[in-house]
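What follows is one chain in structure tokens, specifically the form predicted alone.
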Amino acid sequence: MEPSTDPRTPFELSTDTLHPSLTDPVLSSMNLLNEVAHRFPDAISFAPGRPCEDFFAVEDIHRHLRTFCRYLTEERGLTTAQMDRTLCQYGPTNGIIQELVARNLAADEGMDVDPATVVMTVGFQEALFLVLRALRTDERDVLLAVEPAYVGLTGAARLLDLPVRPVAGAAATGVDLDDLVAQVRRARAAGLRPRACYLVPDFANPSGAGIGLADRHRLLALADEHDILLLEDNPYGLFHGHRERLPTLKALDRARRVIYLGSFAKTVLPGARVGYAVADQPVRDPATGRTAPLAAHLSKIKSMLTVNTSPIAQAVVGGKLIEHGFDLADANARARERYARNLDQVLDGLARRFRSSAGAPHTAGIEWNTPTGGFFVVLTVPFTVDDDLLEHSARRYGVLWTPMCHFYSGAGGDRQLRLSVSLVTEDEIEEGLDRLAALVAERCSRPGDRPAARSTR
């Protein structure tokens, strides 16, 4: 860019001179949905995957903080001055509650975790970013991800110039393991290095799908056989509805093939923005012959990115863990019941609106999956679903949802929408589904509607 010689001309940048990711539609997905919600505040929203706000109370934050302060002074023996410094000063990059997180993982997930392998982060998103940054060494590296995939994953990878190669999801099993093997082999045949596969084994965002126990064991065996890591994201595991919980991949991991990415956004407080990575893979330095856990290297990256995670936010999380004996499954029992009830109501409501008494669909092409837990249901319809339709839905019918096309790297999801059940009340579910049914009836009555070659993202 040639500098301007006219002092009256303001300086201007061009997207051509900035990182290419800034013009990638995936980076606009979250902002777009937030903008629609702000523009139509009175619409009933099945769009955000946020936890129920009925369980929030500011006084709880103060109580958790006081609990953690007592822990520092009574159990760890800190003086008042040391306690003040711990909470108010810049803290250790790895965090101040790794030991408490390890005790929580033992209680809730049956994991035996060394606190030295835990890095506290600013939400799940930073944990993911740190891991991807460490794994991406040059242009040969690629990431695999079960599709449809969380947009935060594809966006973070795009920022790091790390290509994402999709692995087919499966409604019944969560992931097509044969396709995973095929994608690994295809990448290596092209001279690429598949470093890891990202997946959500429990009630995935956006599909709601889960991976069964037998396939979890097979997945771990395949990771070992084909020499890749698994990046396990588990935000919804405690919200398992009426079924028995399955062990996480990390709890089953004996070969240290799994990097576990956790967050307290859904189970403690999203506003705290506290997440973590469990990265116990040994990393050898060829120059010295010494090994250190991958977590130690993630800490180096974090020190240059966010320096540390807010000690006060960590203290709030730590206080809640202490108050509940490190058992967040029990602490979230009411929330789990609420989400399970909402999920049942949405599934029943879809059946009442779109199926006959005999169980047949009123209109060909309308179907939905039936997750047993988590936040999400995917509805398939016989017409194009895109951002234009979302705007029409908000403006004319007052109901919001998420186009599934945002969760695919290529063509896909153009006739599907995601419904989140976590933030709506019983009355809102009924009214919202009535409004959605009216939208579907309108679109189904239009002749000749065909899916676009690509969504209007």
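Numbering starts at 1 and runs along the sequence shown. All values derive from a computational prediction rather than experimental measurement.
One more form of this protein, predicted together with another copy of the chain, exists but is not displayed; see below.
Asks: Indicate whether the candidate residues H19, R195 and K300 are all in contact with another copy of the chain in the model of the complex, with contact defined as any heavy atom within 4.5 Å.
Replies: Every listed residue reaches another copy of the chain in the model of the complex, so yes.
Asks: Any idea which of 320-328, 111-119, 219-227, 96-104 reaches within 4.5 Å of another copy of the chain in the model of the complex, heavy atoms considered?
Replies: So the stretch in question is 219-227.
Asks: Identify which of A333, A255, A171, A189 has a heavy atom within 4.5 Å of another copy of the chain in the model of the complex; exactly one of them does.
Replies: Going through each option in turn, the one that passes is A255.
Asks: Work out which of V184, L249, L238, A272 lies within 4.5 Å of another copy of the chain in the model of the complex, going by heavy atoms.
Replies: The residue from V184, L249, L238, A272 that makes the contact is A272.
Asks: Does the 4.5 Å heavy atom contact test between A411 and another copy of the chain in the model of the complex come out positive?
Replies: No, A411 is distant from the partner.
Asks: Is L65 near another copy of the chain? Define near as a heavy atom within 4.5 Å, in the model of the complex.
Replies: L65 belongs to the contact set for another copy of the chain.
Asks: When the contact criterion is heavy atoms within 4.5 Å, does F129 count as touching another copy of the chain in the model of the complex?
Replies: F129: contacts another copy of the chain in the model of the complex.
Asks: Going by a heavy atom distance of 4.5 Å, is Q89 a contact of another copy of the chain in the model of the complex?
Replies: Although another copy of the chain is absent here, Q89 would touch it in the model of the complex, with heavy atoms inside 4.5 Å.
Asks: For the heavy atom contacts within 4.5 Å of another copy of the chain in the model of the complex, list the residues of 53-67 involved, in sequence order.
Replies: In sequence order, E53, F56, A57, V58, E59, I61, H62, L65, R66 come within 4.5 Å of the partner.
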